[in-house]
Ligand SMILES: C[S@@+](CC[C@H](N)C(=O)[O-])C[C@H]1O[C@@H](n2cnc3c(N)ncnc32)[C@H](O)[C@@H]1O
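Quick heads-up: it's one chain on its own, the form predicted on its own, in structure tokens.
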């Protein structure tokens, strides 16, 4: 498949509808949006609570942080004309929301802890449980600070994803908490009376090339993950190898224009700089990862970090010499094969003909098949590794096909 076609399919919106009683709220989804290709299953749980009268719809100035492109935002407008805003911490979600027609000023690139104190009357929150309890706690603390004294928090989570613990933590930060609806394992809660006490969301730890500073909930926020460690080991093995090895790796990075695609904490981007890269562009869909990489790479004049869904929001990611990537394959808790295809296509369009890709991925994923049309594909997984595989490949000089 042509790389540009894969990226176009990645960005193509899917039309959906969220039904709340007799009200239909138009929605869009795309690869990278929770619930894709359908809607997030938490939304029907909210819809049932609303339809049964156990939960009131948005009443006044509110924030929608349910993870998708503005479902509650659209509901508030449809039912009573109440205006709110949404927090977009994913570039894919933000793009999809804007395509849906959400006003750009209402689509805020913020985390809960960024909001001014006592600035919000109510919050609709669907925590991303896969990001861990540290992220949950930081977001909860942000809400308790941002809500007014009479403000309310509406949250939804599944009983198998730590609902009891979540409710216990909310009860510690709010005067009252009520479970207003239970349906198909989902629990909708309403809390009032916030107690403002906000611990910092930043973590500090020692990375392989120096101190790291990362936001909670960033992928591998407090440690070097196994996949990136393996990729760094493979790069180091080539850099310290013989002439053939150096021609394939060290020479690739020294003096090269490098893209770190899905940069996370910035640990791979910093290694490229240490290896002598002429410049590094670091991209990630996750806003927390972007800010973490900015902190990690602060003071590195040859590094630039941008918020982008793959390379769709980074037109400068073209004609580069090297792409390094540890691509995700989940959106929330769901495995999305289109995400893997999108990363390979984005790497292909970012490289100049003959440019090199370095990629590490879960061993169960079919990246060898996705790289079939590339040139000089080699598996360079360090000995003894089983859970991950490392590949290096060249973008073909005579073809733009990726699979």
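Residue numbers count along the first chain shown, from 1. As the structure is a computational prediction, the values presented were derived from the model and not from experiment.
Although it is not shown, the form predicted together with the named molecule is what the next lines describe.
Proximity to the named molecule in the predicted complex, defined as a heavy atom within 4.5 Å, holds among 317, 267, 154, 277 only for 267. For the options 193, 137, 162, 328, the residue carrying a heavy atom within 4.5 angstroms of the named molecule in the predicted complex is 328. Residue 47 falls outside the set of residues with a heavy atom inside 4.5 Å of the named molecule in the predicted complex. None of the heavy atoms of residue 296 is located within 4.5 Å of the named molecule in the predicted complex. Using a 4.5 angstroms limit between non-hydrogen atoms, residue 343 touches the named molecule in the predicted complex. The closest heavy atom approach of residue 252 to the named molecule in the predicted complex falls outside 4.5 Å. Contact annotation for the candidate site: 27, 65 and 71 all lie away from the named molecule in the predicted complex (no heavy atom within 4.5 Å). Residue heavy atoms within 4.5 Å of the named molecule in the predicted complex occur in exactly one stretch of 109-117, 181-189, 301-309, 140-148, and that stretch is 301-309. Although the named molecule is not shown here, in the predicted complex the stretch 269-286 places heavy atoms of 283, 284, 285, 286 within 4.5 Å of it, in sequence order.
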